[in-house]
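Included below are structure tokens for two forms of one protein chain, each presented in isolation as structure 1 and structure 2.
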Structure 1
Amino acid sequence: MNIGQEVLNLLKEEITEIEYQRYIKQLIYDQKKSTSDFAIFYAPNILISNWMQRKYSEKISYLFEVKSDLKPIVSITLKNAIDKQKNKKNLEPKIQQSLLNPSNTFSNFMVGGSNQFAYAAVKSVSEKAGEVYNPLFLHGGVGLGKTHLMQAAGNIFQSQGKSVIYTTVEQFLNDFKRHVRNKTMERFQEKYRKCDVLLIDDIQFLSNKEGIQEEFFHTFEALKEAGKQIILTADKHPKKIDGLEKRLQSRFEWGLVADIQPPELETKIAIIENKCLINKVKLSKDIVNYIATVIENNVREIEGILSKLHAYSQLMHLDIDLTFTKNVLKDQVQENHANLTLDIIIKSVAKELNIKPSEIRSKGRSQSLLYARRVAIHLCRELTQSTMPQLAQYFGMKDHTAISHTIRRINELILDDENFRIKVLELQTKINSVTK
């Protein structure tokens, strides 16, 4: 059995049988293309792959670490996405050091006032590697397109046959530790100092890690000296990253520092339309507009919303119209406003099921109380940010495993029983409207 399959078997023990059968079982591990840095799994379609990437990739990466001591970046993707990328570029495998998301391209990046400066900077770097702004430092909030832009340049470089390394600080650090442990530092240095382009994401995580800052400093110097392009991203300006050596801080400003601001409504609409096109989801104009008003600043939410709409419409056999969208996204709106409390949920569930709120939190074990308690726990988990231990405490349960058991059970019921599923969704809609 290959390691990928072993890891999926480990995962199987942590999720429900139905979840496993429906989703995880469909994953295929690509042993040949996977490396110690990247584990590649294929999913049957793009929405499932996007959803699974979000839901399981970190967990799978962690399970790899449990099994093998390596913690690769996990990519759950479509088989032909990678094949296409490879065929198109016809590259030697050794050049293909990093897996870049092939849909992170300039043409898929919607430009507006908020991001045009960063866009123009990355675009010009992609046309003249190492010659214009080196390093190029992008900064901005979560989900505003930093990784997308950086990889768009990476995709161009790769298509020109350049060796591109894309890595997160965490990955760089893990790689460093592994080579130290195996006493193969020359290979580490060869890898990072001999590439044509180095892309490092979320550089703020270098903060207060002296050993790796030292190593990174030398990598930086070697690349810069050889005229190789470096692109970095962070959630803030280099000056504002605490715990960063002065010499690194100043070097980060040597080239160009470009920021990305949250998108305007028009840009959000363009991004949503573009994502629909890529994911082959058809939405009417009023739905697109509605989604644009629901998401606040984080563009990453858009893909989550599209997968959610798709999954719910399949699960409930309903078309995606505006009412449906509003229902499905009510909790999204809640998350953004975060004003729904556990007490409100309990109260609504109790009212709806004709029992007392205190009974839901009691130790009573009648059929109807068990039912109400399960539904309440499920909704608390879905609609608030509460953690399992918090819920265990709130519901007077032994510990978080009791909560996770309940949630698993209810997820099974939701998948199995159509009537139940609709009841829960109705209840959810009502609760959402309570806080409107």
Structure 2
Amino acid sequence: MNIGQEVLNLLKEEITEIEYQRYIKQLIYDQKKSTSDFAIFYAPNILISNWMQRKYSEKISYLFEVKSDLKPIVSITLKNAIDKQKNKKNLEPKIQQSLLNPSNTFSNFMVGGSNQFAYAAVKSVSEKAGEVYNPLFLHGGVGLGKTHLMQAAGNIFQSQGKSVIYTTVEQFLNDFKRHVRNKTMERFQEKYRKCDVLLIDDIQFLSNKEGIQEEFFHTFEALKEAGKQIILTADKHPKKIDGLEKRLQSRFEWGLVADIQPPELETKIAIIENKCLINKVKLSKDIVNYIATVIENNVREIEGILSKLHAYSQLMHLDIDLTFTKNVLKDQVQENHANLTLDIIIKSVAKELNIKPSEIRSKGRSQSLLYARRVAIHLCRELTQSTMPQLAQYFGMKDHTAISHTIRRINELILDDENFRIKVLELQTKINSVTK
């Protein structure tokens, strides 16, 4: 039994039997292509590959460390994706160093107002490595596409025959410690200072680590002096990373700092539709709109949601409709909305529609108040676990039948009135972001 299989057996003890049978059992470890730095597993299709990479790769990496004292980057991909790259210009050694996800390309990155500047910057760098915006520093919240953009550029560089290293700060640190322990720092420096392109994720984790900051500083200097391209990502602007040396902060700003904001509703819808196309999952427009409002700001959740819907649909032999989608995702939605209250929703609706919160809960019958009240009731019903009687009491209505009648009317408006539907979706997205 190879070490990859031993690690999967360890993982089996920590997850449910259903998860193991549905996902982990389908993984195949490639012992020949794997190294001490990179562990390669193959999945049967792209949907399972993406789902498992996101959910299990960190855990598998940790179990490798438990088993062998080495903590490799784990790549869960398709066999033909690695083979295709292997056959391009005989680049196998560089592929093993970088292990870029071949599905991260510029063509399948959805551009919107929230990420347009960052996209343009990375695209420009990919066309002129080391000549413009060096280093390029991307920052933004979790799951907004920083790694996707970085790796899209990396895939371009790699196709040009350049030596590309993609890693995380954690892996860089583990690599550093191992070479210090083995007294082979020359090999470490050769690896990181002689590449053509260095891509490093999560630079904020350099914080308060003096030894590795010193080594990274000299690596940065060597690459910059040689005109090699550096792209970094973090969850915040360099100046806001506490515990980071001033000389590193200033160097990270030498080139260009670009932020990625949470996507607006239209961009989220476009991302979901694109992921459905790539993963061959058919969803109606109302389901796409629903998912766009419940995933909050982390668009990385999309593939997990699609995988979950696909798996439940196949196992239960049911078509994916809106009711089915809501049932499958109800626990996830409840978790996302755990801190959401009726008052938060009312205040958000009132602010958006320029009406006082007290007016929404009043007996007023003007068109603007009726409109605001309908929107508020719908969102309170969708985003909280409040019962009909609780909502009736909160909105000062006679009983739950009055709320039920109002909700039926709202549902009719959502179906018949495009403007009303869009406003409700926009508000739902904004309210979700308030609780992040």
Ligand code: ADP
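The term rigid core refers to the maximal set of C-alpha atoms that superpose within 1.5 Å between the two forms. Please read these numbers as outputs of a predicted model, since none were measured by experiment. Residue positions are counted from 1 along structure 1's sequence.
- Where the criterion is the form predicted on its own, structure 2 meets it and its counterpart does not.
- Residue 29: CA moves less than 2 Å between the two structures after rigid-core fitting.
- Relative to the superposed rigid core, the position of the CA of residue 355 differs between the two structures by 2 Å or more.
- A movement of the C-alpha atom of residue 346 reaching 2 angstroms or beyond is seen between the two structures when the two forms are aligned on their rigid core.
- Lined up on the core, residue 397 has its CA atom moved by 43.6 Å between the two structures.
- Taking the core as the reference frame, the CA atom of residue 18 shifts 5.5 angstrom between the two structures.
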